[in-house]
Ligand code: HEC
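First, one chain by itself: the form predicted alone, in structure tokens.
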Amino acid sequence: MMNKKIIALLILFGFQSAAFCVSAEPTQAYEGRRLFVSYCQLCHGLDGKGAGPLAKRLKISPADLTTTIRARSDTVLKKIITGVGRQTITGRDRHNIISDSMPEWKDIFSDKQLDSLIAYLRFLSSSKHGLMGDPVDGLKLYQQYCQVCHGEYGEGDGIMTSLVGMLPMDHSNPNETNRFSNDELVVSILNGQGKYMPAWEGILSRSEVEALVSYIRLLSH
């Protein structure tokens, strides 16, 4: 009886998932990565360490974002990114405090986009694990295969949890996800884990699972 109920629910969820996924708003760090790739990585590099292809061509030395932003508040980072505002004591432009070559983005990014970009910069500077795949693909796969149990934002509150009484990993909690390396998460997804986590080998390729892991990393930031 329980198996039939689960199958019926999964079929129902499958019909509803397309509309449900479209309404889901990406997390800040996910959206911030999209902005970073479009506007920042040419100079700062995809890893944020300052060795982007345009930096080499222009012979400039962009900041290593994995280290320089750690001690700076969101307010200061917004001044640096937008070029609006000065240091309180010296009166020097905040914008040029890191690099004279830094463009001013005040007319490009909205306040919401700035918050998202900074969320991703925080990820770059604090995460123990890099992104091994494309989180854009990971988002689509997560919505299709994972959120039924792990929830829309990875908090472990998917529709299946109350039905079968399971407690999936909270992907939004870095204390949970950071305990595992990227490879350990890949193996866990491919081979299954515990009583309820199914094995996805044969359904998802390794590259797809790597994209999933990358999206999971951003859920916790």
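The first residue of the sequence shown is number 1, and the count goes up from there. For clarity, every value in this text was computed on a predicted model and none was experimentally measured.
Form predicted in complex with heme C: not shown, discussed below.
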| request: Flag T68 as yes or no: does it have a non-hydrogen atom within 4.5 angstroms of any non-hydrogen atom of heme C in the model of the complex? | output: yes
| heme C contact in the model of the complex: Q193, any heavy atom under 4.5 Å | yes
| task | Would you please decide whether G85 lies within 4.5 angstroms of heme C in the model of the complex, comparing each non-hydrogen atom pair? | result | no
| said: When the contact criterion is heavy atoms within 4.5 Å, does I216 count as touching heme C in the model of the complex? | reply: yes
| field | Partner-contacting position among L139, L124, C146, M132 - heavy atom within 4.5 Å of heme C in the model of the complex | value | C146
| query | Mind listing which residues of 169-185 have a heavy atom within 4.5 Å of heme C in the model of the complex? | reply | M169, H171, F180, L185
